[in-house]
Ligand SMILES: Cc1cc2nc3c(=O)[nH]c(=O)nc-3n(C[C@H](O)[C@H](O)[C@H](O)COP(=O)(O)OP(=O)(O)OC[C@H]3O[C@@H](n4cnc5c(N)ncnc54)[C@H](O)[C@@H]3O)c2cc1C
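Encoded as structure tokens, the following chain is the form predicted on its own, with no partner shown.
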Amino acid sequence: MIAARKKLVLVGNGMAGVRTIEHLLKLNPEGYEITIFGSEPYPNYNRIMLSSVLAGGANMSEIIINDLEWYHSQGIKLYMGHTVTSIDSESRKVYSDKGITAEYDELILATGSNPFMLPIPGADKEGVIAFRDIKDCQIMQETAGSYKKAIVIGAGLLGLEAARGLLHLGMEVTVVHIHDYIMERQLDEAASVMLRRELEAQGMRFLLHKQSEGILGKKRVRGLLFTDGSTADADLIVMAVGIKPNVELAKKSGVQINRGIIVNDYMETNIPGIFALGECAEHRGIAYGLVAPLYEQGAVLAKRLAGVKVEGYMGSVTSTKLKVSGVDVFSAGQFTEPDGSRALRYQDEIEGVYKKLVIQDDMLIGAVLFGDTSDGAHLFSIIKNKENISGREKELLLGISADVFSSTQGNRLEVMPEDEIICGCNGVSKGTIAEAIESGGCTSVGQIKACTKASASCGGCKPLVEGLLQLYAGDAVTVVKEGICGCTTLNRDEIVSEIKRMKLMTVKEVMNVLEWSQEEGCAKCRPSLNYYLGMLWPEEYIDEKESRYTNERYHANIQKDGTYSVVPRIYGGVTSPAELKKIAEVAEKFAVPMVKFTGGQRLDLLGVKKEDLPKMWEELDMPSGHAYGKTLRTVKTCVGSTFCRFGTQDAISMGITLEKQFERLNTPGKVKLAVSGCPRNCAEATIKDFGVVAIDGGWELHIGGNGGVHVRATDLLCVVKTEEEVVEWASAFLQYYREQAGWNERTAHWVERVGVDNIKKALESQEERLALKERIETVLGLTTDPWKQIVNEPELRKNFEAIAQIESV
């Protein structure tokens, strides 16, 4: 008789909780029916990579750790955008704010932490935020588009990473800190001063030994007042002054708390069946805020739940690295000098290198590295293992020559303990990597990345991963180039070439024939293959809906609260009273909470329930604006010669022609067009993917612009005389981009990668342009409006029917 599966509920869809579930599924895959509640409307993502998103090193999709397909494949019921508000520990049930009740046998609280906001007057003004989640990140990106001056309060790790990201977004950034030097909790004064100089050289301004007293401004922030009476101007204030464990749910449910939720060595709370871990938990008086301890707690709890014998969690020694471009900082253990300790220092102001070791009773108890952090993992290992370093102090401080270093790196890695964390971003230990090589058969860094996630985030540990690969795989190491993802070593061009050569027709067939390492692929390669197949075989390939992202599957943008937005197409930004009345009536009928003008000159109906989407589109009876996919978004226009006294050409007519020509076009990345009626360029055509600027007697055609995070002005492609030529060149350019760019590659990156001269050369022949135009017209002739199809087909409408008001995957 098969034992009934127990019910496990996880409250908190963050890194600590979901990592525990991953472990548990490996140890006891059939043991539990798992339900996860998460307050944010996103699947599990890597929070510590938000600073990389802000700094332009990654996009949102790249920091997703487990996409929705993963939850589905593991049989996990996920409630995104649901906050659990109460626990009945007697009947073992939890209740969400959206009316969901879930029973449990075991309950894990992984509610994380909340940012600490200074309780000063004005802290509730518009433009005052923390830096904690995707929403904060988005606010900073949006603010940078309209405002210039930002203040970050707090010069700790998070504050400096936020400040660097805001610099990248083009803002003037001032960092305010209450102490005399920055990162005083991780660095001594010498290292701190060197770090500050480096950041100042990058454009950051510091106000040290300053205490905030109040925030100036009426509705929106306009400055910061200090206790010494001085002020600083600001359009945005980011508070990065610390976090506090989120214990509200536990507190009102009778779970014992102090600063955090009190747990024992097995992550058990005072109430049977309820566990806690992560930033919300307090173990032996410590609430950790770094990822490595949280993963260590998760490993213990997963074994406990799986019935595997495990020693309890004994606490963690932590290390930190600053994720700021161009700056290497490492700190571990006790960097101050307690009584009875000795310190060794090396400082090179010319090369910008500083090293400090703190030694007590012949053991290394702390280290600070600036400028050269390559020894960080090794030193951290020595600290954690309490090695006797008598006689090796100077060697550890000064290191050895590069030649000698390379010859002994294997030895260092060899003696490193199995539980040593190699990849801090994803909590991957040396033992896990060794197992992936010895038992899992990994022979390349890419395979290790796919198998363990080591080096999959910031990449700082890649040299160590390569060293372990050499140590355990020896001659079997294969040096492979990076593929489009960890499932393959093939790049975009090789994949497209093989699909064409063998006429592969489905995603599954491509992965099988081209020997994908992961049978089902991943969230990166499946949409890529779906696009390439559709691009190559437009008349034969059947689009694979399950290989598209949620927004494209539901033909609407999912919002942070789990609702969707509806954006009907308004060609060229030109509408009519009748059309506006219709939109208003539909918005009123379906109680749409917000109607907003978009930057693309159309109306966004926000806060729509999924089950209302087909009915709304049916009553609107307007084309989809495709505001969600990798397709043509908008064609922005100015009034041109129709009304403007400076206009030289009819920009409105030209814009509408282009939008009707290319609407519904599937492209590698989203595409935005604009048409300006004169060189004053009011439609901002020179920051669009394809921009048209009217001049006397003709049109300038521009390509490769971008107005997002990475602002890029267009390159001039050519000048033409007639509207027919504009359409011909636009068709040729867009089809050439479709055929040559990698999936998810915007035109700005693609133009920079291949070079504008090469694109001009490819399009200079009219014969070739007409051939490209013919191919794009074939594609466009096959497209249909998705909402007209959904409205008219009952089977498709079923996908939008409410299922007990949950977002379940």
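All values derive from a computational prediction rather than experimental measurement. The numbering used is simple: start at 1 and walk along the sequence shown.
Unshown form predicted in complex with the named molecule; subsequent notes refer to it.
Partner proximity in the model of the complex, defined as non-hydrogen atoms within 4.5 angstroms of the named molecule, places exactly one of 533-541, 444-452, 272-280, 215-223 at the interface: 272-280. Contact check for Gly12, Glu161 and Gly289: all three have a heavy atom within 4.5 Å of the named molecule in the model of the complex. Within 4.5 Å of any heavy atom of the named molecule in the model of the complex lies no heavy atom of Lys149.
The closest non-hydrogen atom of Leu50 lies within 4.5 Å of the named molecule in the model of the complex. Shown alone here, Phe131 lies within 4.5 Å of the named molecule in the model of the complex, counting heavy atoms only. Using a 4.5 angstroms threshold between heavy atoms, His82 counts as touching the named molecule in the model of the complex.
The single contact residue among Ser39, Asn66, Gln740, Thr35, judged by any heavy atom lying within 4.5 Å of the named molecule in the model of the complex, is Ser39. For the options Pro668, Gly112, Gly655, Gly705, the one in contact with the named molecule in the model of the complex, meaning a heavy atom within 4.5 Å, is Gly112.
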